[in-house]
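Given next, in structure tokens, is a single chain: the form predicted alone.
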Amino acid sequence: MSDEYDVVIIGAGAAGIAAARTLSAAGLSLLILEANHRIGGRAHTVTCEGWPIDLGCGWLHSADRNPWTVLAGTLGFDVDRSPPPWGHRFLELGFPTSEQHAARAALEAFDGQVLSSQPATDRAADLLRGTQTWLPFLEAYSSYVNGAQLSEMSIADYRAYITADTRTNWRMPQGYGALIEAAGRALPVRLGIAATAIEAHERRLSVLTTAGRIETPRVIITISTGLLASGALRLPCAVDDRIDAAGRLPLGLADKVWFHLDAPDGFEPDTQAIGNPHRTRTGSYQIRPFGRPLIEGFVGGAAARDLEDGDDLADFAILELVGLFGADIKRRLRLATCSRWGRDPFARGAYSHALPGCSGSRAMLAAPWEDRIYFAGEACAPTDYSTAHGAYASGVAAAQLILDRQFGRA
């Protein structure tokens, strides 16, 4: 582990893979260090009775401009361009059409305020006046999209996201995590090796790891803001401002629970249901995705944290599904798996959001230090944060800065 590389990349998630592919194509020597025993970061596809399922990111958001869409074709992955079920195939179970229209109108009105208003504060919850009827629905929606409640959200940050989002959402039958893993398979990745510190010397950096010391002139750090802010990776004090920025970009939480559905006939494929649209602490359920005998449950924000800290996510989801479909469904559900991203030591959360007044922290975090230490990851993306394509773009940007500034390669 004492060899010197042109670049050492810390983290083999979407950002690290994108940076490595860019640098490798330019002929640089590099090494990716990944503390986990798999590639992908917060993208992770597992198999349930032969079916690939995503425990992390599952949708190609802004798919019409998403670089992973292009890579999917290059790497032999199918892309399903069917529109997502939310918004047009919502079941009426406890949520009649009239209420669906009213809830959607409340959400559109809220987004309109985000885009057009000039509030006195940057706290998204301050835009909720006059929406009391659908306040729980809006909070539940924020927990799915942001992994956090609106009181924790910066208006300016959320505005940047919804302005850039193209509303085109596709998916891959083989799994998003499987695609990201495939994209990194040929790269020089060392799994199960954690970087613990970076020491800055006059002309080089020393990366201290659980397997020894590595010398390199430059490093790209792609670990989550949860890990950065925790001090798990000790950095030179000159980059304390980046650590502070990471703390202002905390990770929200969104967890998934997957069930196998025995005797699935009678359950309409590719439909969506919400546990209780009048309650913030509720889950969203995709019924038979791709027509498969599965149900995917999704819980975010404070509800997800409560469930990780105490109650069981599977039990919670079963109760909601029984409330939607009746007691008979309980005997037809078999737990496949569920995620616990908040307790994952390599992630410590799902995806980032800027605290009120802190949207500028993304640019601060993304700024390189002395053209030696670079940062990438979804939290560094100014508009596409919280997504795998935002992470990818940030990795490419960091790699391109290295090539432009130090190797003169545009």
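Note that residue numbering begins at 1 and tracks the sequence as displayed. Just so it is clear, the structure is predicted and the values come from calculations on it, not from any experiment.
The same protein has a further form, the form predicted together with a small molecule, not shown here; the description that follows concerns it.
The stretch that touches the small molecule in the predicted bound form, counting heavy atoms within 4.5 Å, is 215-223, out of 260-268, 108-116, 287-295, 215-223. Annotated contacts: A12, L33 and A43 all touch the small molecule in the predicted bound form [non-hydrogen atom within 4.5 angstroms].
Though the partner is left out of this view, A350 does reach within 4.5 Å of the small molecule in the predicted bound form, counting heavy atoms only. Contact check for S386: a heavy atom falls within 4.5 Å of the small molecule in the predicted bound form. Contact check for W341: a non-hydrogen atom falls within 4.5 Å of the small molecule in the predicted bound form. Proximity of Y374 to the small molecule in the predicted bound form: non-hydrogen atoms within 4.5 Å are absent; the residue sits far from the partner.
This chain lacks the partner; the member of A245, A254, L179, A140 within 4.5 angstroms of the small molecule in the predicted bound form by a non-hydrogen atom is A254.
Shown without its partner, this chain lists I155, I193, A273, L313 as candidates; in the predicted bound form, only I193 has a non-hydrogen atom within 4.5 angstroms of the small molecule.
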